[in-house]
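Given as structure tokens, the chain that follows is alone and in the form predicted alone.
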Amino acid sequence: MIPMETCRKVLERATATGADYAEIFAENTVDHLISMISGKVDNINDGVTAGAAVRVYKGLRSVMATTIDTSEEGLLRCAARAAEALGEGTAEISFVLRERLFGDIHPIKVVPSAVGNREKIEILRTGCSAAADYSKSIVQTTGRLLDVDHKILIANTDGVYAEDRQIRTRLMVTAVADTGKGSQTGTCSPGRRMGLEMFDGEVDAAAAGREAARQAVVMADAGYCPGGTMPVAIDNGFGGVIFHEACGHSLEATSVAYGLSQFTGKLGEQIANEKVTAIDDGTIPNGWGSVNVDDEGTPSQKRVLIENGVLKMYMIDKFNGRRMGMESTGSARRESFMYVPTSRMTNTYIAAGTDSNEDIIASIDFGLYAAQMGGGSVNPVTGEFNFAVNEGYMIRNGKICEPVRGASLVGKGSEIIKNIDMVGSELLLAQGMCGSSSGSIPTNVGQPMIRVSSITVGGR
């Protein structure tokens, strides 16, 4: 994307006023989105994001400048702006750039840009048609097929000169059901760091459509959930959004480095039930949130954050690592060159345990089974959260009973992970987009079924 010699000149210019570190992050990203409503193509959008950022550090000061002019002259002007903003001084560091190859464990067989819209529309129509045909109570379907080709280059004064290409594909099907008791919505959104070969055995578009419709139909006939404090079984897959939001963000250096996390200063302490082991793994082959190298040029890692309830590691980027006196864990991520990178999650999940799903349900005399979680909000400083339950059922005498709508889970992350006292064995990951200070990025969440012994359930 940018010749090594040009990168060397730009980094030298960036450090001319005394910076002790400098980096270039360049990207060229092409995204393609097809939208469909009730079986008809609604929109086809193509987007391109291209440009570069030059960032410099001096101690705990950081400055970043951006440009869409990636010629040598344009990059040198960008570097000069960053250097001048940092202050006056003289160059104090030297470096030698060497190309780094971090490997690629995410093979792509069918590059989406090489496939015409007709084939993509058929995939999307398959999913939407399956949803529409599921039940007469389905009154509307919507679908989206997204493919992204994200090419990046990182060069820095640590000597790194590296490129990565990240191709991702995602299908999103939504169904609306109305059985006379009010309309309800179901959604299924599988995605991978793959090309269109994702639909050759990895993801079944029709099955995704039927799953979206099933959720909508079940919840359309549901009554309202009673509120109160009770045990809750949270199913696998997207149930992991609870850990991601309520605890995961609090383990990022973005919060920890400034003392704004519920887990600051607690390395080596028992912060969760001993059955809880939590992992952030950016190396899962073809994982939705996987990266070969992070956006600062550090290889991705598998990070055990919590082991048998003990806090073992934070997720750290280079800059916040300076403040913490700790090395980067390959956790720096950004939406695009226009955002300053910071520590973020990749594929984050609670590891499989030894309890069976049947035993988890049977252990609850009266409580809630959260089969599908929805969105919510969290304060990473306190860990206080509020999440919707998209598909829920009451548990009575150890058996799953009637479906209920309108449920929400309310609590505090540091308390909830202590109350996870049963962990199932069937781990499943689910895909989402995570928003934070460095923009929106693809992440996996996941877990097996878990039991939270006591949590506040919002309802009627």
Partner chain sequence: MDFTAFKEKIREEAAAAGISQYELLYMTNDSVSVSAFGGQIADFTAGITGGVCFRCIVDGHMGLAYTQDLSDSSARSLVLRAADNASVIESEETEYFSEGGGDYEDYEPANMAQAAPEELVNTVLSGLEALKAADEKVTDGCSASGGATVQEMYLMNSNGVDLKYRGSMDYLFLEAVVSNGTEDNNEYELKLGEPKDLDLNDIAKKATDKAVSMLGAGTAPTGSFPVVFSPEAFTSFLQVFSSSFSSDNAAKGLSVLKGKEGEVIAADIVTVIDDPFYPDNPARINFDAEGSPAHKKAVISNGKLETLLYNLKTAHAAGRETTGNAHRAGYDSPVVISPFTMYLVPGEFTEEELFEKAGNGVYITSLGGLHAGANQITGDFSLMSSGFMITDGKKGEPVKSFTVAGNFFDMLKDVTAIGSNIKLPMPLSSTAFASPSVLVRELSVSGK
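Residue numbers count along the first chain shown, from 1. Owing to the predicted nature of the structure, the values given are computational and were not obtained by experimental measurement.
One more form of this protein exists, namely the form predicted together with its partner chain; it is left out here, but the text below deals with it.
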Should Asn419 be classed as touching its partner chain in the model of the complex when contacts are defined as heavy atoms within 4.5 Å? no
So, in the model of the complex, is Arg118 in contact with its partner chain at a 4.5 angstroms heavy atom limit? yes
So in the model of the complex, is its partner chain close enough to Glu426 to count as touching (4.5 Å, heavy atoms)? no
So, in the model of the complex, is Thr456 in contact with its partner chain at a 4.5 angstroms heavy atom limit? yes
Could you spot which one of Ala65, Val404, Ala26, Ile395 gets a heavy atom to within 4.5 Å of its partner chain in the model of the complex? Ala65
Heavy atom within 4.5 Å of its partner chain in the model of the complex: which of Lys266, Lys275, Lys151, Arg323? Arg323
Site check Ile44, Asn386 and Arg460: each within 4.5 Å of its partner chain in the model of the complex by heavy atom: yes
Partner-proximal stretch of 364-372, 276-284, 334-342, 199-207 relative to its partner chain in the model of the complex, 4.5 angstroms, heavy atom: 334-342
Taking only heavy atoms into account, state which residues of 125-140 are within 4.5 Å of its partner chain in the model of the complex, ordered by sequence. Arg125, Gln140
